[in-house]
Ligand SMILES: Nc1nc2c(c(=O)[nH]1)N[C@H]1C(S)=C(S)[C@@H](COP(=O)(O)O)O[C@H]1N2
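Before any questions on binding or motion, here is one chain by itself as structure tokens, the form predicted alone.
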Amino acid sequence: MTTTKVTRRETLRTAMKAAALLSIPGWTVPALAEGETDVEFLDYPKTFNPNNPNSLTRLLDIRKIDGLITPADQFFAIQHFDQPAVDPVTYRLKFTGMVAKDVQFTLDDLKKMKSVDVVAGYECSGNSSRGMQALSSCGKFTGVPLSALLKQVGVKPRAREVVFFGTDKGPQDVVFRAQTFKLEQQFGRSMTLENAMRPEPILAYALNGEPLSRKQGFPVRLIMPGWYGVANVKWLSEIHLQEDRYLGNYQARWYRSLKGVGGTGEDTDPGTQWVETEITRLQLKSVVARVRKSAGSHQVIGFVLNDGTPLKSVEVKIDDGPWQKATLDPKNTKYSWKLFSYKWDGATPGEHTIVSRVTDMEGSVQPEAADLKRKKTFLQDNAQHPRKIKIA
């Protein structure tokens, strides 16, 4: 096995290749016809580089989205340590801990089992307008239901937690009170046994009908539909069952939200309660991705990310005008990103601001940026993202 070292900070600065149409059934933005043009956004920084050939990370230029499925070679990729090159012949997926017996599966073993497909759209929990929403994608994953494997290996009655370890590892600062330890850490995340036994999680070995790439976690990764990318452990090497909560660095320390509830909102206000939560399920979010001029009108195109809760509406607002209902594509699925479009008639020359918001059937509404001011951590930024364009 060989590895390539890369830091997360380095990956957040780098980019992807341009997107292309993939022939998988689904809604697509029609190819540009004569006289049609994409309207340029004014809010992209000059430093934004979606085509850095020296990057191990891949960013998605959302201005190029043209269908429900992101091509595999354009799918965003990011990691904390390295991108291990795993030998598929010697690969073994281990089940350990509170199982009936320790079991190992080869890649061929997994491929011989009954497979399922799931279309899953998700983002890195650090994705936001700061990075032009480039850490998000949607693909069709093929694999084995996690619940089927857990039933096959047998789970002991006291097991409560399922921990997923990747092959990727590297040195990491682990802080305990006033002390900091530099330790070799293996990437790990966990979920409750109840969540693991749901029908949605799969151990995937293919993306869009082809074997996973090294960037995407070859040979096997976890796909947890409706959850942030960090939960979808890549280069999966071991699944460990235990009774106690798992407290790994990327579970209990790095990936959490800190938000003030109640009081005046001042940090020193004793009436404010500071609530910490784990980064797990996707927060309700919509993004305007591109604007196209065609036949005297404009089409606003975007996507929604969420945890699978049915949506009530997606709306678009131009400048200080009213919220107008957008159209959701009927081919969206429960855990895909949900594509939407809005026909904008009567656009006048000059600069304009376009923003979208989404509401789900449980009454949750995508927040404005001001609504998130009391959140101290930058993760889970699902604020409305106003976009700037100029009509010629």
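The numbering used is simple: start at 1 and walk along the sequence shown. For clarity, every value in this text was computed on a predicted model and none was experimentally measured.
Not pictured, yet referred to below: the form predicted in complex with this ligand.
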Please run the contact check for Lys285 against this ligand in the predicted bound form: heavy atoms, 4.5 angstroms, yes or no?
no
Find out whether any non-hydrogen atom of Asp168 is located within 4.5 angstroms of this ligand in the predicted bound form, and reply yes or no.
yes
Can you check whether His80 is within 4.5 Å of this ligand in the predicted bound form, heavy atom basis?
yes
Exercise: Phe303 in contact with this ligand in the predicted bound form, heavy atom 4.5 Å
no
Answer range among 309-317, 228-236, 241-249, 106-114 for contact with this ligand, defined in the predicted bound form as heavy atoms within 4.5 Å
228-236
The one option of Phe95, Phe75, Tyr205, Tyr91 with any heavy atom within 4.5 Å of this ligand in the predicted bound form is Phe75
Exactly one of Lys215, Arg281, Arg256, Lys259 has a non-hydrogen atom within 4.5 Å of this ligand in the predicted bound form; which residue is it?
Lys215
Does any residue in 107-125 get within 4.5 Å of this ligand in the predicted bound form, counting heavy atoms only, and if so which ones?
Tyr122, Cys124
